[in-house]
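First comes one chain, alone, set out as structure tokens in the form predicted alone.
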């Protein structure tokens, strides 16, 4: 670790004065300045040298009034803050700030579950509430609601939704947001939607209020600090039915997408369907050295040997239905009939009924076992995800898959990826798994990511979410009218936050207070 970072234009003495003021708000215990503290907030899966995203320290408020006081002090002392919920956004930057020297505003102590309404199917939570916390609360209180969660559930319910994370069983978590409490960059406090009425009973039940709708303006943005969130949950179903099919060839993804698309549009499939490649299964069950010892991407023959040995497909198609058992069965029959027109392979089917153990239900049961994929290459395992959005079209997806696989092979990486089918579009996820102990491999991983951005942009596909190191580059790919969207974002940023206090550089949105920092 190098010498202590300070924010651009801030002297060490000015930073010390700011931390003295922060300490008066939160107490000595929660003003975090030691070298160990700073390392706690580094990006564990960084492409770059850690110092490119290292904070100058952190401060951890315990309630919304402390957040407001800290934001006002940050304005007074010209100290930028990087809000995090729990800091477990692994593969996208973790707890680290975009700009070195920024002070992390750690909201993890604000971990209250404020309300769970079983009748109307929602919760209201603070940023420090993790998926384990919410799951345990629902189980302990015997509340007949299910949450939705990503593949690894170490993180924050609020943070994942604000970063537009996806998960099961409900898909896009940002779509479930209903009502936010936000501290604005000047310390003002606002509630969105129906929450703008002080006596409203529909804050977390109706997504809009009167006038503009602001909830989505605070997702993936640096316009304020979210301190409470309403989130819709799923009523516990009577039954669920899962379908899984193993497909043997890379080219099978195209026709599978075309078979699924009309069923998704019609609502036969109401939750996202997933198509994942062999490495999604193999990387959590084994390490690369068990199958191949050489340099470069695994040869096709070695890949096939691994597939055969593990009993997996080149692709695995997965979907699940929730609700009355007879309705699930009818929907599954429609899916089977559609696939029977394309292949003789049968779906594996599993039925779960209420009262049986949750393990086979499709409920979001907290787990971090998915993080085992980072061990695929050995050493200090790391990964990052490249996720452009494509039309839900098999031919387009197959063509882009060929480009992506060629890039992975060119840079010496095994292809890890798949598709999540939304109602009209695909999220095409490609995971770059690397060993951070290997400097050359880390450099190749960064070069691969950059090449994937350029290829996708050339085809007209933009990422919906990205790692800290590539936020500017992805923002630049949204280039209509010479970057009009960036200009709009920065007009709003500069109006709300003229001193650039909240998360400068997040999603490529730079305030005018840091003209020399944008790269």
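Positions refer to the first chain, counted from 1. None of these values were measured; they are calculated from a predicted model.
The same protein has a further form, the form predicted in complex with another copy of the chain, not shown here; the description that follows concerns it.
Exactly one listed residue, out of 75, 435, 200, 385, brings a non-hydrogen atom to within 4.5 Å of another copy of the chain in the predicted bound form: 200. Residue in contact with another copy of the chain in the predicted bound form (any heavy atom within 4.5 Å), chosen from 219, 398, 286, 242: 219. Only one segment in the set 39-47, 26-34, 52-60, 473-481 has any non-hydrogen atom within 4.5 angstroms of another copy of the chain in the predicted bound form, and it is 473-481. Using a 4.5 Å cutoff between non-hydrogen atoms, residue 193 counts as a contact of another copy of the chain in the predicted bound form.
Another copy of the chain in the predicted bound form is approached by residue 509, whose closest heavy atom lies within 4.5 angstroms of it. Though the partner is left out of this view, residue 10 does not reach within 4.5 Å of another copy of the chain in the predicted bound form, counting heavy atoms only. Using a 4.5 angstroms threshold between heavy atoms, residue 208 counts as touching another copy of the chain in the predicted bound form. Taking a 4.5 Å heavy atom cutoff to another copy of the chain in the predicted bound form, the contacting residues in 427-462 are 427, 457, 458, 459, 460, 461, 462.
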